[in-house]
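Okay, so here's just one chain, in structure tokens, the form predicted on its own.
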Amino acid sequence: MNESETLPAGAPKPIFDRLVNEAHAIGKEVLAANAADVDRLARFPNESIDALRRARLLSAYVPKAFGGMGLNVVQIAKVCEVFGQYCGSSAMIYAMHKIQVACVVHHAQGSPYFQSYLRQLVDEQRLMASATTEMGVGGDLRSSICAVEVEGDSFRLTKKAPVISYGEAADDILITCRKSPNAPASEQVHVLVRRGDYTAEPLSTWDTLGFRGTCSTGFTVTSHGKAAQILPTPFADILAQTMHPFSHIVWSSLWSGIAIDALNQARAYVRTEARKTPGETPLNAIRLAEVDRVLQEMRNNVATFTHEYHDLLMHAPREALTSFGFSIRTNNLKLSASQLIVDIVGRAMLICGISGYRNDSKYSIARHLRDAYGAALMVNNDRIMKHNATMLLVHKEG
């Protein structure tokens, strides 16, 4: 199978527009209705994920050849932005699931095992999680201590992962590890482990400032399965071509959604204030105009890079996705979006004043602000800046 010919091409605009409207309806009726409780209790948003399953949205990026919706990355980014407007934790879970789906779609379609898996994912609306970080490597995704041991057509592995978002609720987990016990730390593979074939011993709890509903507990995962569950593409290529750009696109998109809702809260507050003095524009309306400009900048940055990535996927050789220039632009998107969301939400809170600061106000932006501060920590911005600095020493823009 030529995977480049079976990447999701996207739904026609009328069909996708209806899907966006459906996503908004799910957001209003389910995600937003449970967001406060999910946040307060730091619990998994079961209602949200069940609603997405019913809407068949967990397989939205799976190509139509396997029964999925066949949405492209631009459309997936839009859906993530929509969900971000209603519940940051639910949107993050959906986005991270989509990253794992993309890894399989982009890099394993030639495998009979993964062809069958994609069909099963569609039929059962399976939820995929990821275990890339590992205790002892300091957050470096390109280094593993654990190794997969293959004997005949079977494998076994054990990994100590300090963070596995929604790990307890996931049906399957994609795990990075060394290719073999004798392989160097950077010679990695991606292994799909299935519920029922692994045990997960908790290493930590999840009681955080924001994104509390992602339930990103740490686990020691011990698993066995078929050797066919190892993705055929080296993880270095999966990371460069898919996981790295796809992650920053869907994360930045849902952060944009959070920023949109914060601004909508501020707009509603200003309108209420305006009604008190008919014919006079409230002073804080000036702040509203200022922050709207910043939000537009953020959304334009996300849209520009997302369209670039989509075009490269569809028309360019895969080597174009491994260039220093593309990697730097990918990193810059994340750096910019993770900083702008804090700026936008903070400005929205200033507009709403104490009403935005209160947890019990209909104009509350407290959850938005707490979620916003998590953005810079998801692959720490300092680490990203260091990578960019290293690449810029040898890269020259053409």
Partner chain sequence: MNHLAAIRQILAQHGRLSVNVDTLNDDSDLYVAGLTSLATVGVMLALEDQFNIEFPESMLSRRTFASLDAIAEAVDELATPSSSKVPVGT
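Numbering follows the first chain given and starts at 1. Quick caveat: nothing in here was measured; it's all calculated off a predicted structure.
Although it is not shown, the form predicted together with its partner chain is what the next lines describe.
Engineer: Pick from D237, E273, D171, E308: which has a non-hydrogen atom within 4.5 Å of its partner chain in the predicted complex?
Structural biologist: It is D237 that has a heavy atom within 4.5 Å of the partner.
Engineer: Could you check which residue among D292, E187, D197, E124 gets a heavy atom within 4.5 Å of its partner chain in the predicted complex?
Structural biologist: Spelling it out, the residue with a heavy atom inside the cut-off is E187.
Engineer: Any of the heavy atoms of H387 lying within 4.5 Å of its partner chain in the predicted complex?
Structural biologist: Taking the distances in the predicted complex, the answer for H387 is yes, it comes within 4.5 Å of its partner chain.
Engineer: May I ask you to state whether E151 is within 4.5 Å of its partner chain in the predicted complex, using heavy atom distances?
Structural biologist: Residue-level check for E151: no, no contact with its partner chain.
Engineer: Is there a non-hydrogen atom of F324 within 4.5 angstroms of a non-hydrogen atom of its partner chain in the predicted complex?
Structural biologist: Yes.
Engineer: Any chance E280 has a heavy atom within 4.5 Å of its partner chain in the predicted complex?
Structural biologist: Heavy-atom contact with its partner chain at 4.5 Å: absent for E280.
Engineer: Spot the stretch among 248-256, 324-332, 223-231, 76-84 with residues whose non-hydrogen atoms come within 4.5 Å of its partner chain in the predicted complex.
Structural biologist: Contact criterion met by 324-332 only.
Engineer: A9, D17 and K64 - do all three of these have some heavy atom no more than 4.5 Å from its partner chain in the predicted complex?
Structural biologist: Checking in the predicted complex: none of A9, D17 and K64 is within 4.5 Å of its partner chain.
Engineer: Counting only non-hydrogen atoms and a 4.5 Å cut-off, give the residues of 380-396 close to its partner chain in the predicted complex.
Structural biologist: Heavy-atom contacts to its partner chain in the predicted complex: H387, T390, M391, L393, V394, H395, K396.
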